[in-house]
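Included below are structure tokens for two forms of one protein chain, each presented in isolation as structure 1 and structure 2.
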Structure 1
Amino acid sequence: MAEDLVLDTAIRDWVLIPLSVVMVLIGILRYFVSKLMRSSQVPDPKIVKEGQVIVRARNLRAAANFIPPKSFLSRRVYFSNEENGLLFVPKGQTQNAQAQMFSDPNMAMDMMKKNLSMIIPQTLTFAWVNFFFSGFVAAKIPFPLTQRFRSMLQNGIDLSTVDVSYVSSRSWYFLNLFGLRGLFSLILGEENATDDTQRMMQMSGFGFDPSKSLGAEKDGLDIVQHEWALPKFEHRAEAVLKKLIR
């Protein structure tokens, strides 16, 4: 049977609150450090052009039914023509996104700086938490949880008799690490560099492959079934007027 614990107020004052405040301050400091380490890069005109082509093709697919069939077909040929279409990429011109990234030393250096600005503060903070606050039961969640949450909420406490709703100090560190995105968005704005979840996802994958995006947009544009909506506007307007008259 799970035991109910009485949490000392000193744990709240000397463990829970300091740990939360330190995590917020470290996140803000890491944002400004990464902002100083960020180098200004001139965007590649080719990548910008390909991105604009994708946006234009996407808008054409979204508003295809609001232009005449002849206009839509001419625009689709202009985009997806296999001779000189904007969305057509020959097989010999496809580039590997990872090789393209590592061929640019500035891009590789920026990626290394971003990773270091994330890994070093996290390593030092985790070592500080593990050394000073290991083994503390810091808080209690005000609703019951199943046993599946024990490994997530009670990291560092090897007691199966403690109720799952209690949170250890080490688990509180991880909850703050991945749960302060909304607070940082309010303090630093939406475009902040403290989203660790997004950083870890960026570390697992590299670069942007424009050839795949162009090919996917070409396939999506080829399967569009055009149906001009203008001839139906009169019938819809007539139906609406009849309903109003009645």
Structure 2
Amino acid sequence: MAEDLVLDTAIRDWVLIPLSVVMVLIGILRYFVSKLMRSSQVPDPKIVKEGQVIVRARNLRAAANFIPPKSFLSRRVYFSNEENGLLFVPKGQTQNAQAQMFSDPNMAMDMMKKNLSMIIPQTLTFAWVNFFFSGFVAAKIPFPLTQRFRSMLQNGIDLSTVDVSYVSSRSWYFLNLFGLRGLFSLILGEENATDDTQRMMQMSGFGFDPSKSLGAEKDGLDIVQHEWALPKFEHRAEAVLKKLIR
């Protein structure tokens, strides 16, 4: 039950290390392939403009207290005006953005290409691991785990009495998958195509970005109360000068 299994050092030499090496090499290969396949994307003027509007609105919110109240109010009206304000997006358009993004052939192709370059190597490597490295205990995790992890970590091992800390090589594969990201950013520099987890997070939030953030900025701007900070500065300037003169 709680005995220690002695794992053959040959496992370490022939399973763990080759698996890591292979994953690193595949990652590097994928990086170069994605660099070759990447088409230069012409940015859409509307999207660029919206991005800039958002930055400007955000600046307005952040530094609102530094400009006189009248200018702040006039700018707020300029942004959130009902008819032609910059941040105002009529209801019908919000849905359009997402649908348009998926029907736009260029963008769909781009997303597909990126997905492919991510999915195919992962699938192949996973299949290879399963084929060659299954059916034995590969490593022992140093901390104890509950029984619920058994199905996830111990796929090839059909003994239910083995401690859950003894895992199969599939879990080593997953560990490498998420852990080598740091190594890649060291070797390949910042922009590498192996940021799978980041990409997955980005994909889920893609379609909505422009119109939703505009609406969010508009709400934020409406909330801001302008409190002019400048009068305080006169006092502070006095204090500074007093100290200087002394």
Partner chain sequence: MVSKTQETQLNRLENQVDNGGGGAWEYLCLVRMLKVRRSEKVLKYGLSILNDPKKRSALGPEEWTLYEQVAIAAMDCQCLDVAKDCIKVLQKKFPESKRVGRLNGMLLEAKGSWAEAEKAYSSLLEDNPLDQVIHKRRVSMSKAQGNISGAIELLNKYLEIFMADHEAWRELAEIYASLQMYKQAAFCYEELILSQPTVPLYHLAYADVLYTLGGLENLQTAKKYYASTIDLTGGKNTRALFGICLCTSAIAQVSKGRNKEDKESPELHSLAATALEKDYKQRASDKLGLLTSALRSLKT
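Please read all numbers here as calculations on a predicted model, not as lab measurements. Rigid core here is just the name for the largest C-alpha set that superposes within 1.5 Å across the two forms. Numbering runs along the sequence of structure 1, starting at 1.
Taken from the form predicted in complex with the partner chain, structure 2 is distinct in origin from structure 1.
With the core held fixed, Glu227 shows a CA shift below 2 Å between structures 1 and 2.
Core-superposed comparison between structures 1 and 2: the Cα of Phe149 travels 2 Å or more. In the core-superposed comparison between structures 1 and 2, the C-alpha atom of Phe136 has shifted by at least 2 angstroms. Shown is the Cα shift of Tyr166 between structures 1 and 2 after rigid core superposition, which amounts to 3.7 Å.
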